[in-house]
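Only one chain is included here, represented as C-alpha cells and corresponding to the form predicted on its own.
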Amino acid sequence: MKRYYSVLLLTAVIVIIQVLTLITGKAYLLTQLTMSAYYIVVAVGLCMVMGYAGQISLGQAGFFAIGGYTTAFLTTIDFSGKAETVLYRMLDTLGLLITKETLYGDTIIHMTPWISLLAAVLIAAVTAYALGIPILKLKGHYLAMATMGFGIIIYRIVLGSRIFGEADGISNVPSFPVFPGISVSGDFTSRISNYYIAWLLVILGMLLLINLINSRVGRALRSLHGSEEASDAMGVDTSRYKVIVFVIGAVFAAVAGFFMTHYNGGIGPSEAGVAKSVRYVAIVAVGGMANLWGSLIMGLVLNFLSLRGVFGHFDDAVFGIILVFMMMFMPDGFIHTDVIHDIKEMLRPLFMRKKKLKKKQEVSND
C-alpha cells in the first residue's frame, strides 16, 4: 500500500493546483498544464525504456505521431453520402458513427475516436514489436542511431504524404467523448474537465508502471539494467523483456499523441521531429534514468516553461544544452535516489541534536 502514497499525493497536488488557478484568476494556465501532462505520459514511458531496460530511444516522437496521425486521419473521414458502402453499414450497425454539425451548418458523419484509439495502440504496438526485435540487439550509440532513423522515417512520411496533410498536417479533428457530456477538446469552457482527464491519464500510467516495477517483470528489468550479461547468466530472457518494455514505451507515446491531437484539434509534422525525441530524452536524463517520479516532475517543469514561451526561439537549443550538461556532469540525473539519501544524511544531525536536547530537558526536569 505504501507504494501508492506518492500517487495519492500527486492527486492532491493536481486538485490544489486547479483550485489555485481558479482563486487567482489564472485558469488560462490549465491549457499548458494539460498539454504538459500528455508530454509527461511519453516521458514516463521512455523512462522505463532507458532507466529499466537500459535502451536509448530517439524515436518516441515517431510513436507519438503514429498515435496522433492515426486518429486524425480516421476521424476526419466524412461518411456523408456513403451510406451504401459496406464499411458504413457495418460501423452504423455497431453504433460507431457520430453525426454532428460544423460551424457552417453542414452535417458530417465521422468514425468514433474510440476506434481510432484502438487502431493507434495496435499500430504502435505492432510497429514497436517489429522494430524492437532486430534493433534492440544493438547497444549504445548504434541503438540510438537506429531509433533516430525510425523517427526520421516517420517524420518524412507525414511531411511528404498528401493524406497526412504534408507540411500543414491534419486539422478539424473532432472531440473525443470520454464520458457522457465530457470530451477531450480545445473548447475553453472545458478547460477544467480537460485538465483532469489529462492528469487522470498520467495517474493511470503511473499506477500501471509502479505495479510493473514491483512485479516479477520489474525485478527482471532491474537486473537487466544492472548487468545484461549477469541477467543472461541467471536465466533471464533479456531479449524478451527489452522488447516488452520498448512496446510499452511506444504505446504510452501513441496514447499521448492520440489525446493531444484531439485536445489541439489537429497535429502537424513537427510533433514527429527528432528535436521532440531529444526533448523526451533530456527530460528523462534530468529526472533520473530509473526514476519515474523524477521524470514526471521535470517533465512538468520543463514542458510547462517551454509551452509558456520562457525559452523563446531557443527552445530546442535549451533542451539540447540540458541533455549535454546532464550527460557530462550528472549522468544519474538531477533527481535520483542518491540525492534523496544525501538530503536525509544532511538533515540527520539536525534531528539528532533535537533528540539530545529533549533528553537533556527531561533529565533536568527530573
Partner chain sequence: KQKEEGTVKIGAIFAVTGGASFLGAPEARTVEMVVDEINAAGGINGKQIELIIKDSAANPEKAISFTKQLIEEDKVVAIIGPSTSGETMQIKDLCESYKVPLVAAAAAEAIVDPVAGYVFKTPQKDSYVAKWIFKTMQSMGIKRIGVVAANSGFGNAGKGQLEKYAPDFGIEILIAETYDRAATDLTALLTKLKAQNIDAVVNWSIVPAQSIVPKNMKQLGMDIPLFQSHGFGNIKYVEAAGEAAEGIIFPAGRLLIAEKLPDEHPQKENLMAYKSAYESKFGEDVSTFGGHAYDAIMLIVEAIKKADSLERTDIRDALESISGFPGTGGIFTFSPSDHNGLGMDSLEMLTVKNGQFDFLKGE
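Positions refer to the first chain, counted from 1. Rigid core: the largest C-alpha set superposing within 1.5 Å between the two forms. Predicted, not measured: the structure shown is a model, and the values here were computed from it.
Heads up, the form predicted in complex with the partner chain isn't pictured, but that's what we're talking about next.
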Handout entry: Heavy atom of residue 268 within 4.5 Å of the partner chain in the predicted complex
Key = yes
Problem - Partner contact for residue 80 in the predicted complex: the partner chain, 4.5 angstroms, heavy atom - result: no
Exercise for the section: Give a yes/no on whether residue 92 approaches the partner chain to within 4.5 Å in the predicted complex, heavy atoms considered. Expected result: no
Exercise for the section: Considering only heavy atoms, tell me if residue 180 and the partner chain come within 4.5 Å of each other in the predicted complex. Expected result: no
Handout entry: Per-stretch contact check against the partner chain in the predicted complex, the hit in 110-118, 81-89, 292-300, 157-165 (non-hydrogen atom, 4.5 angstroms)
Key = 157-165
Practice task
Quick one: name the residues from 189-217 with any non-hydrogen atom within 4.5 angstroms of the partner chain in the predicted complex.
Solution key: 191
Exercise for the section: Inspect the rigid-core superposition and answer whether the C-alpha of residue 301 shifts by 2 angstroms or more between this form and the one not shown. Expected result: no
